[in-house]
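The chain below stands alone, shown as structure tokens; this is the form predicted alone.
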Amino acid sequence: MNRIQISNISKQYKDIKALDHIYCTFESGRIYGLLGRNGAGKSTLINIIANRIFASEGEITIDGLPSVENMAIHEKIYCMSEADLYDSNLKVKDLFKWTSRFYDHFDLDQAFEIAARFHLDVNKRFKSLSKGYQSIFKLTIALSLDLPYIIFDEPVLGLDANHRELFYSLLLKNYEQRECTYIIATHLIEEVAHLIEDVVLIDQGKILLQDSVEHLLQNAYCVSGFASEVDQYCLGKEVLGQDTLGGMKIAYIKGQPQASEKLQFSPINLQKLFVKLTERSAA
């Protein structure tokens, strides 16, 4: 089966272990959220997948092929990241043309169309673009590549609300038209919750969970009421976290709710679930 398979990946920087024996899988034809707090290890993992740095141990395969220094995977994966890897003296239109020479599956016409949608001036040099428009240029490159795996590392930093919405819209349009896997690494969970189908949650260099968004949200909930009643209800249940205000309390619980006339029940959203899971991991 076509997939990115990550097996026992660790990364050590002197006294810091950025990744600690990570196992996870990115299946073909899905939109993944690689979620984690700042410094959790998202970018390190992405840079290893993209062959920009090498793991201290472990293996990554892409469609069964080893990823390390393997030109056979060149036309399989692309990573859009915050790092500036382009000749800053070249104009945007020339960078598009160079990309079309480097990737056989780069749609040059689509790149110019997307640039026009974002009002990106293709006659400007990369170094003269604002930080936001440098991000837009990188997004345009990624959205114009017809590859099996596209990774976005914090893709909307520096973009205003209108440009972020346009990016999400274009990504979904591409996803409907192409057989591909998108991996969105971000800490802006609320914004991507409507896009992603699966979650890989990383914290302190370890994978906390991998699951579908649907399954996660169907198997967690909120219960609120007087603190004493909530505490009684929580006995014997897997409590992810709690918030207290005066004599009232809300608990976030993994599992299915049990009816109670004294308490109120509500669904949990993905961002709140993320916060409570990472708080529990840190504790």
Partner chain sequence: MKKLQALIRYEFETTFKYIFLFYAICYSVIALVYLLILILQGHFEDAGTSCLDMNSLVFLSIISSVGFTEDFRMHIQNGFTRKYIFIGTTSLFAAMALTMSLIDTLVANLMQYLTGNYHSVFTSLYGNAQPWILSWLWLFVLYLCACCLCYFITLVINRIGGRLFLIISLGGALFISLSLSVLFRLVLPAAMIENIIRILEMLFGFMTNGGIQVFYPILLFSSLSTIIMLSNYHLIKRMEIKR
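On a predicted model such as this, the values are computed, not experimentally measured, just so you know. Positions refer to the first chain, counted from 1.
Keep in mind that the form predicted in complex with its partner chain is not shown, yet the notes after this line are about it.
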Is every one of 51, 75 and 99 in contact with its partner chain in the predicted complex, taking contact as a heavy atom within 4.5 Å? yes
is_contact(residue 71, its partner chain) in the predicted complex, heavy atom dist at most 4.5 Å: yes
Would residue 143 show up as a contact with its partner chain in the predicted complex if we use heavy atoms at 4.5 Å? no
Touches its partner chain in the predicted complex: residue 89 (any heavy atom, 4.5 Å): yes
Within 4.5 Å, heavy atoms only: does residue 95 come near its partner chain in the predicted complex? yes
Choose from 206-214, 128-136, 169-177, 103-111 the stretch whose residues reach within 4.5 Å of its partner chain in the predicted complex, heavy atoms counted. 103-111
Counting any non-hydrogen atom inside 4.5 Å, which residue from 197, 121, 191, 82 sits next to its partner chain in the predicted complex? 82
